[in-house]
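The form predicted on its own is given below as one chain in structure tokens.
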Amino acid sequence: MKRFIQHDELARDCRFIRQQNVLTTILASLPDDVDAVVEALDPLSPLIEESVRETAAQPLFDRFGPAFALLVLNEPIRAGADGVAERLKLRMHGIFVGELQALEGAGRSLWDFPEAPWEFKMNMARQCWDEARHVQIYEKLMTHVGVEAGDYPESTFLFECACSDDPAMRVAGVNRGLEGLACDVFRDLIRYAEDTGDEKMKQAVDYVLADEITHVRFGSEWVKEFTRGDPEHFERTQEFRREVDKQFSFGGSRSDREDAAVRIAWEDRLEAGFSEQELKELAEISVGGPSQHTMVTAAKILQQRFDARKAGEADEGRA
């Protein structure tokens, strides 16, 4: 079996539609400036439209244009909020494919590094077993909220950003970056389930979160082990983790700001082996992107431009 595969080599059945990762990459680099957000996303309209065609997200694009991507990412999952049911479906589907990629990431960690210690291989095998259960759990949670596998497009962004050919960087990316993001998202879902009285969702997500904390701890321990006695290697690994965290902040949608769509799960990350200094650094890394006000304002301008283009095309068709 091939070692060190690329993200576009991940196998999927015919239900899944792949989405290019360019939008998520761009969001991670945007400043807190309305014009910059608009000018970055408006040219991507055809690409975004193509990525959602024949999925449950297509009606959202038809309604909002490229602005729908900002609304989905930046609006929190809160009980009673406008459009929360649709955003919950999108989030649940995104978590489902994220669990698939976490399973693949852990499996690749087990296979890609044959010279790694036996204890590391056992940890990765345990994680694969956990992730397989998580895929099943979120498959059932998707049904619980009214969505099925493949209803929305899949981005392989998580796998692409988290995986490295270096074992220390691999666990920094997969176990501390990807699984750390999962801690934040799952804690947010638990709050939503508590607010809506959804005991099934609350119990299921809490069960998965307990595993994720363990997986992050694997990463915390093995980063130290793989870089023991080599401070330069450790610092390179930390820099890679910072880059992953910046990407996974989605332009500030995941941050420690009051207006963040997903807040950093501070206590869960401490339990998983993050230090206070690392969490302060994470908060600084993630806070620099566009604010919710900037995103909402940019989304309105993008939708106005989209509506104007549609109106113009309709006039040409009648001429």
Partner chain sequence: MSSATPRMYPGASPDERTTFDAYSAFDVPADLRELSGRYDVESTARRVRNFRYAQEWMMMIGGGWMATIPELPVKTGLGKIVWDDAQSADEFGQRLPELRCGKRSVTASEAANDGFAALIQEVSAPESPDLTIEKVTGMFDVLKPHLLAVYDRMQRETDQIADAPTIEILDDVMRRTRKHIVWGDEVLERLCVTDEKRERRRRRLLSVRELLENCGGVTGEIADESHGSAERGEH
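Residue numbers count along the first chain shown, from 1. As the structure is a prediction and not an experimental result, all values here were calculated from the model.
Just so you know, the form predicted in complex with its partner chain exists too; it's not on screen, but the next bit is about it.
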query	finding
Site test, Leu189, Tyr207 and Arg217 vs its partner chain in the predicted bound form, non-hydrogen atom cutoff 4.5 Å	no
Partner contact for Pro231 in the predicted bound form: its partner chain, 4.5 angstroms, heavy atom	no
Any non-hydrogen atom of Asp198 within 4.5 angstroms of its partner chain in the predicted bound form	no
Non-hydrogen atom contact Val244 with its partner chain in the predicted bound form at 4.5 angstroms	no
4.5 Å heavy atom contact, Lys121 and its partner chain in the predicted bound form	yes
Among 168-176, 245-253, 124-132, 221-229, the region lying within 4.5 Å of its partner chain in the predicted bound form by heavy atom distance	124-132
Position in contact with its partner chain when the complex is considered in the predicted bound form, options Glu139, Glu86, Asp151, Asp211, heavy atoms within 4.5 Å	Glu139
Contact residue in the predicted bound form, chosen from Leu181, Cys161, Ile77, Leu100 - any heavy atom within 4.5 Å of its partner chain	Leu100
Residues in 85-111 close to its partner chain in the predicted bound form, defined by a heavy atom within 4.5 Å, in order	Phe96, Leu100, Leu103, Glu104, Gly107, Arg108, Leu110, Trp111
